[in-house]
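Read the single chain below, which is given as structure tokens and is the form predicted on its own.
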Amino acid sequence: MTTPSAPAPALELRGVSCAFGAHAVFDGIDLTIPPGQMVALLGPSGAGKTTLLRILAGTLPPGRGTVRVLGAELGRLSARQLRRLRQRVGFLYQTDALVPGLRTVHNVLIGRLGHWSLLRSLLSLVWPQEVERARAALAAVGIPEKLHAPVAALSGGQRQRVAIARLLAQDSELILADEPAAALDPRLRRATIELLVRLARERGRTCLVSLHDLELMGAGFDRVLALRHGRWFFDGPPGGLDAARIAELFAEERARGVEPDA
């Protein structure tokens, strides 16, 4: 009887290095994230969290090494193949990145643009396409009544929920998020991250979220990765990053008078 092979990793780095001028961000790092895993990414400011997410999103090539995303080696893809891969990868920014002049339904349906023809995309600006998909995505994040609301009328927490709904409409297999709750009031941060992780888990997606709020490690993540000096400082379950390791991880920031959110 043939033993079924293990699924390919959702994300894989082998010997990845990256530098900006004389400043080395990474120096030969490796990483494997299996499908469906919820991962938090920590590190002091300047540790390379955003750079790593950009490399994984295919918007920044590494200086050296191999990057595989959803089974595809990025360095071997044509421009057209890379565009197709990006349709399967959702990116959530520090700001909600909504279009302020459009209504909520249009902003959610931006997640469908990679699936539509140019003609259908233009038509949707006048006559929204796949409205029921947008409504279902907004219902999943708890604000279905905001379907036709102007984005300018939404609160900060609601706007970030719309950004998550846009990912759901995109039907992303992989979600990359760069401190997506950083601009929110502290009381809303945990609710937003818990919502993102729960929805990703329910749909069997892989999720990698960079954080600067240490309390958010307990928002449903399976694994914590911590970067320091271009290397992995920690890789394990959230409970394994104890107070002593956290103090060491952020020692240089604290020496400059900068405290991570806690």
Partner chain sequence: MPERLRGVLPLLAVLVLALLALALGEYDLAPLLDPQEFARAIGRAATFLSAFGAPELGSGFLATCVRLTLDTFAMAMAATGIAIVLGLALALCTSHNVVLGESRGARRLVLQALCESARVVQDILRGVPDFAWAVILIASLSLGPPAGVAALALNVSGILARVYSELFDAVPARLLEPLRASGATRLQTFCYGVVPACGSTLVSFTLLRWECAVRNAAVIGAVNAGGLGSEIKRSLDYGEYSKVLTLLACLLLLTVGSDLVSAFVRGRLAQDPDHPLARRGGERSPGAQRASVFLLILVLVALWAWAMLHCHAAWWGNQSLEDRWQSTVQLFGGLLAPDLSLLPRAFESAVVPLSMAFLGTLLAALGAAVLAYPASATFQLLDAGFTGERISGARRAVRAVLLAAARGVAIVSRSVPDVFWALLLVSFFRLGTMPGMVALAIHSLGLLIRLFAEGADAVPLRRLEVVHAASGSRAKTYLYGAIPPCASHWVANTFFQFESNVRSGIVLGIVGVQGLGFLFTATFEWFRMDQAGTYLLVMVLLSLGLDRLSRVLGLARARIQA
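Positions refer to the first chain, counted from 1. What you are looking at is a predicted structure, and each value in this text was computed from that prediction instead of being measured.
Heads up, the form predicted in complex with its partner chain isn't pictured, but that's what we're talking about next.
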| property | result |
| --- | --- |
| Full three-residue contact with its partner chain in the predicted complex, heavy atom 4.5 Å, for R86, S117 and S124 | yes |
| Segment that reaches its partner chain in the predicted complex - one of 190 to 198, 32 to 40, 58 to 66, 225 to 233, heavy atoms within 4.5 Å | 58 to 66 |
| Of A152, L82, A182, A136, the one that lies within 4.5 Å of its partner chain in the predicted complex (heavy atoms) | L82 |
| Residue (of A72, A140, I110, L174) lying close to its partner chain in the predicted complex, criterion heavy atoms within 4.5 Å | I110 |
| Proximity of R166 to its partner chain in the predicted complex, heavy atoms at 4.5 Å | yes |
| Heavy atom of P128 within 4.5 Å of its partner chain in the predicted complex | yes |
| Contact test in the predicted complex: G101 vs its partner chain, heavy atoms, 4.5 Å | yes |
| Non-hydrogen atom contact Q170 with its partner chain in the predicted complex at 4.5 angstroms | yes |
